[in-house]
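The chain that follows stands alone, in the form predicted alone, written as C-alpha cells.
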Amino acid sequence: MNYEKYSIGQLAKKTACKVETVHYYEKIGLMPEPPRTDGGHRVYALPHVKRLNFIRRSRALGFRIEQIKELLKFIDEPNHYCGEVKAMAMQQASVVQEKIDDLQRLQSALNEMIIQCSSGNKQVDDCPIIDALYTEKVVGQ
C-alpha cells in the first residue's frame, strides 16, 4: 500500500502527541521503529498514526503500559481472540470502578468534615476540619 508519509513532527501533530512521547513509545517497544530516509529521518505512515492513536486512547482509558503491550500483542500476533481483549477490558473496568469508589469515599469524608464546621468564623485552633485532619482515621472511612 502506498500511504501518505509523515515526519515525526507531523505524526505528533496529527495525533496530538509530543515528539518526545513518540520517541519514548518507540524506545519501550509500543511503536515499531519506522523506516528512515537516506538522510536518516524517520518516515511514518497511516499504520503508525493508527497505532499511536490506539496507544493514546488506551492510556486515556487507564490501561498501563504493560497492558497496552499485551493488547498490541493480540493485534500483532496471530491466534488471539476477542475474548482475551474483553477480559482485559473487564479487568480495567473493575480497576476504574475501584478508583470511583475510593473517590466517592474521599468526597464523603470531605463533606462530613465540611458539615462539622458550622461557621467560618472560628479561629483555626478551633476548626473541626483541621482537627479531623490531625486524627488517625478520617471521618467516613
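Residue indices: 1-based, along the sequence shown. All figures in this text were calculated on a predicted structure; none of them were measured in a lab.
Omitted here: the form predicted together with the DNA. The next part is about that form.
The DNA is not drawn, but in the predicted bound form it has a heavy atom within 4.5 Å of residue 18. Taking the partner from elsewhere, residue 65 is found to have a heavy atom lying within 4.5 Å of the DNA in the predicted bound form. For the chain shown alone, residue 107 is not a contact residue for the DNA in the predicted bound form, no non-hydrogen atom being within 4.5 angstroms. Among residues of the shown chain, residue 51 is not one whose heavy atoms approach the DNA to within 4.5 Å in the predicted bound form. Considering the DNA in the predicted bound form, the lone stretch of 37 to 45, 86 to 94, 73 to 81, 110 to 118 in range is 37 to 45 [heavy atom distance within 4.5 Å]. Taking the DNA as it sits in the predicted bound form, the stretch 7 to 25 comes within 4.5 angstroms of it through a non-hydrogen atom at 7, 8, 9, 10, 18, 19, 20, 21, 23, 24, 25.
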